[in-house]
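We begin with a single chain expressed as structure tokens, specifically the form predicted alone.
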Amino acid sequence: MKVYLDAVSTTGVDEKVLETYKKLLDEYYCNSDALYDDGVAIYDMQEKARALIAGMLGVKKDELIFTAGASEANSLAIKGLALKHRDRKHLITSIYEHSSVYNSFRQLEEDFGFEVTYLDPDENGQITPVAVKEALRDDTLLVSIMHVNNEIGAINDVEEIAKIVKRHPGTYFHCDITQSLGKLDIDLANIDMASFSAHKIHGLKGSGALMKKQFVELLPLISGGQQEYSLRGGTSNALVNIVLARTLRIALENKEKYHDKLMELHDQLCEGLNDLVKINYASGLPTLINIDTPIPSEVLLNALNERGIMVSSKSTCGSRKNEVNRTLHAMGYDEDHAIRVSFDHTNTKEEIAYFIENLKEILDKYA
């Protein structure tokens, strides 16, 4: 039996999304910027998809920029804004952002002379609006705080943070909504930029977008043609962009459809874990639980893997690097014993039970 409990890392492609993508591949291969009929047809479908996604997000059609995923979208938002407005040198983010955000700020700090304030989470694992307000300065250009942390699942009040930033002249707010899209409600009215990926919501890898309000000016990071409002040069991956609309629609439908099931799985998992391990964090995103085990996480991961169970000990983007886990370190958790367990609507009660049963057997053997 194989049990996949690493849904915050990535998800399988929804059958309806895959079916749509295959049909498009069979018929449409022309460049969407070509002026003959087939190229125009693909362009029109892409722009219809852009409008549909924008409508689901509650923003304007020309405020959506297709990218290869959230990492690219984060880089474009952060570095594109900073390099366009070099007169304001202060930036604010959190210590536990995704590596694509954190390393963008580090690059701006180390290579371009920006000053960055890195906020720590409070005892509840959250970056508070008060902390952001106190860190703001007259020369602050950008604040970037994620909606949901990908290591522990802490949920930040980004709508309140956005209101605070909105009242601060000359300062923009960016939010990585990768882990919350399709899972939590979010109002983008006061958020200037937001990034997300398709593969976290059963879409295709290499697909994502940046929502950028019309008044936000960015410096392109990929120079080229007129694609994506001249902010992302290169031939459009039009078919992937087209199916992103269906991916998001299905994810939003599933959010309501499977709410009760996900809460039942959450309760089942917490109840089973309580008898075996210490739960580091389970009060945020219901589908993500971080635990502390009495044996090293590497030993536990390997033992679970041998039994067909897939979990992780840190963000997959940093899984092969021997670096300090910024999130767990900031929260005072022992990263050498921490495990991240995450699931979605495709998981079952039988799979959760199988995980708990095998976890108990492994701990009995090694602890």
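Every value quoted in this text rests on a predicted model; they were computed, and no experiment measured them. For every residue, the number given is its place in the sequence shown, counted from 1.
Below, we turn to the form predicted in complex with a small molecule, even though it does not appear here.
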{"property": "Options 144-152, 181-189, 103-111, 124-132; stretch whose heavy atom lies within 4.5 Å of the small molecule in the model of the complex", "result": "144-152"}
{"property": "One residue of R88, H199, K166, K79 in contact with the small molecule, assessed in the model of the complex (non-hydrogen atom, 4.5 angstroms)", "result": "H199"}
{"property": "One residue of S71, T293, N156, N280 in contact with the small molecule, assessed in the model of the complex (non-hydrogen atom, 4.5 angstroms)", "result": "S71"}
{"property": "Heavy atom of H98 within 4.5 Å of the small molecule in the model of the complex", "result": "yes"}
